[in-house]
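As a starting point, one isolated chain is supplied in structure tokens, in the form predicted alone.
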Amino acid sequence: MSFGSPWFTLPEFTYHKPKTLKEALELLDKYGEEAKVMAGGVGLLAFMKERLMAPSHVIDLKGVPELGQAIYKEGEGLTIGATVTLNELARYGPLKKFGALHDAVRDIADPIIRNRATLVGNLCEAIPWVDTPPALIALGAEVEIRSLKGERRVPVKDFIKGPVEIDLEPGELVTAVHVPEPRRNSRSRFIKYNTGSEFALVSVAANVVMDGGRVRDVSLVYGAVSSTPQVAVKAADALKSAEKPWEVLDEVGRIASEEVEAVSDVLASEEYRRHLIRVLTLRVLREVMG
């Protein structure tokens, strides 16, 4: 990632590598806003190199064993620790049960970056075009946040407040992401459209629960279209209320393309994004419901 900075070195900082979560939280509490935590470091080090961030202290979480685990419990779901890399997660067999997240993790960047980058880091960057937030929101995932004062959980849909803005107070760090067990008769997928770059122009995650030929529940979440992931409520309602859902897929795509907030930027115009929303909605629903 580069924004055209002439800098090739990092600003000066003090490096800390705690061996326990308590030690990490104590360091974060001690140094406050002068500190940044590092899970994989892909985003943080790039921002520091560009002089968009210049923390006096960097707290590397890789030495905390409990943060480096992905654990699946049948009936409860999947817990992904803060330092689990994307490639480690992609190789974790139970991830395939969570189709949209499996798709998103598999498609991020390239194998070299995935060897270092983490799911939690990807989420906490809160950059509009990153891949995993739409999939996590569609699957009803929550963020686990810890501090010396205690623990709290926040739905991913509420955790991202804006570009590079998340629901995290001083002294807090994200320790894990929890993805609930998929509902019976549900399927989910994630697809994105990009040209000449890893950054999507539009991405969409769909999670659909079918029952006897009817859609009982559906979540449609779009990324890279605006400053935060967008949930298409009206489009989902149109699909759920249809007697013959297969016959209204194009109409659902049209509703989503009009409902979802979309912007123009250097990557694509608003008009083109709305066209892509309609096309990708039709494609992802055909895959999920097929």
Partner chain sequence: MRFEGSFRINADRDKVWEFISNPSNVIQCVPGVQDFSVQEGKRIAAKVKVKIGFISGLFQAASKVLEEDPQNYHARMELSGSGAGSGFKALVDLKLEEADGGTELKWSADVSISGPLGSLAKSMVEGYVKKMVDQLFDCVKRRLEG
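Positions refer to the first chain, counted from 1. Computed from a predicted model, the values in this text were never measured in an experiment.
Unshown form predicted in complex with the partner chain; subsequent notes refer to it.
- Comment: 118-126 is the region of 146-154, 172-180, 118-126, 73-81 lying near the partner chain in the predicted complex, near meaning a non-hydrogen atom within 4.5 Å.
- Although the partner is absent here, residue 94 is not a contact residue: none of its heavy atoms lies within 4.5 angstroms of the partner chain in the predicted complex.
- Although the partner is absent here, residue 243 lies well away from the partner chain in the predicted complex, with no heavy atom inside 4.5 Å.
- For the chain shown alone, residue 164 is a contact residue for the partner chain in the predicted complex, at least one non-hydrogen atom being within 4.5 angstroms.
- With a 4.5 Å cutoff on heavy atoms, residue 51 counts as touching the partner chain in the predicted complex.
- Candidate site formed by 98, 230 and 234: none of these residues places a non-hydrogen atom within 4.5 angstroms of the partner chain in the predicted complex.
- Interface residues of 268-290, taken as those with a heavy atom within 4.5 Å of the partner chain in the predicted complex (partner not displayed), are absent.
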